[in-house]
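Single chain ahead, written as structure tokens, the form predicted alone.
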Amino acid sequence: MSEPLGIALIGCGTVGTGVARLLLEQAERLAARAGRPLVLRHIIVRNPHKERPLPWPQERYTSDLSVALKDPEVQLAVEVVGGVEWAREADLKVLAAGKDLVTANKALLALHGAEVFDAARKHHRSVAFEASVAGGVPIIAALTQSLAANQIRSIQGILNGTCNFILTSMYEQGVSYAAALAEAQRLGYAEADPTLDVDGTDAAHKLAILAQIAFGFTVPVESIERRGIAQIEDVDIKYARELGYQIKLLAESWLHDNQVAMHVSPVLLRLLAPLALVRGAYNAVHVVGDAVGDTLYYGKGAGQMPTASSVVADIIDMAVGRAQRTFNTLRLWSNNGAHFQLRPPGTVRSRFYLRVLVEDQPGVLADVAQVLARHHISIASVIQHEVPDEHEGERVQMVILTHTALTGQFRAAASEINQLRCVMAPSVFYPVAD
């Protein structure tokens, strides 16, 4: 068997504990698969005195990163800390010290991927990052290896388990967004402050990474248009079901005429569409390649052991040498997709779900339809439930499904509809995927 691979683990929270557990408790199995022993030499944490559920001597925890950087027997650092700035500094120090890097930090790569990868190339090191997107789902390996013969045409993914759990609960149990969020927090699927999950930022970070791999295209996260799920009402869940759809938060990117369109948004999916069937805190990614066609990847998108599984898979790839060859070949974050441009969101075509609270009086549908027609948007179907006689003349929900239209034209129409005298509240709309 070859020389041992010395490893420094930076961070020992939920994921770090899972990584350490695999390295310490499954050493023989992992050595057989890596062709060499994987030796955990250092664990770097903020508080070395905190008790942790690992077979690791308390005195061997340290808060001093330089101890690992100066150790000549450490060839690889595994960074699994939260946040961006401290992680960025630590990763750059790791690479400058001549160590390879495995990271699970999606925000870091989405915001500073070019800097980290440039540093790795400068110091002749490699970076692996399977766990940064979709937890235990091997989507990075699929895009970089299994689908290498393809030009990726589109990526459509449920990339945030917190949001998917909330939307599944709203759909299956009929609860409100607030109640579903509270349950997600109770079960540990959502943080005490869930903002980055529910506003779409987390999914946008992951989409930026996937687009980099699929298209060689570096997109600033702030350029990815995103809408979260916090404003979704149970009434929209019910109307979507009545129309034969379910609402999911999707991260989508697709290539057309050398333009890459990207967004994160709640989307109406047909009830039997593969992504509509993804329940709870699971993730799934639908990828279309020009040669292979449709492919689907599904599994647990978060959690201690699923994410640790992907991290340790990267460690094994580093030990074998596959990760280094992939890193050098792909040239990620090197502007190798510069011939692609980001497509303006307003030029993307889609069908739309539109819900408008209106006065229950003659001519309202005609007024709304007239606005849509002026913006070249045709109506596919309308729902307006009958109002009991005693409530006639009061407010009523009008739900419209449109045919395909330009996003910019539809948004202009929705804004104009909001100004109609018969409209009692701002309209609600979401794209529809068929």
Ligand code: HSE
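Throughout, rigid core stands for the largest set of C-alpha atoms superposing within 1.5 Å between the two forms. Numbers follow the displayed sequence, beginning with 1. Source: prediction; values computed, not measured.
The protein also exists as the form predicted together with this ligand; that form is not presented, and the subsequent description refers to it.
Checking D100, D91, D317, D197 against this ligand in the predicted complex, a heavy atom within 4.5 Å turns up for just one residue: D197. Out of the listed residues D71, E191, E85, E172, E191 is the one that sits within 4.5 Å of this ligand in the predicted complex by at least one heavy atom. In the predicted complex, at least one heavy atom of L159 sits within 4.5 Å of this ligand.
Among heavy atoms of G228, none comes within 4.5 Å of this ligand in the predicted complex.
Contact check for D202: a heavy atom falls within 4.5 Å of this ligand in the predicted complex. Proximity of H263 to this ligand in the predicted complex falls outside the 4.5 Å heavy atom cutoff. Stretch-level contact check against this ligand in the predicted complex with heavy atoms at 4.5 Å: of 342-350, 210-218, 298-306, 117-125, the positive one is 298-306. With contact defined as any non-hydrogen atom lying within 4.5 angstroms of this ligand in the predicted complex, K106 is the only contacting residue in 84-111. Once both forms are fitted on their rigid core, the CA atom of D257 lies less than 2 Å apart between the shown form and the other one. E222 shows a C-alpha shift below 2 Å between the shown form and the other one [criterion: core-superposed Cα displacement of 2 Å]. Between the C-alpha atoms of D234 and A192, a gap widened by no less than 3 Å is obtained in the predicted complex, as opposed to the form on display.
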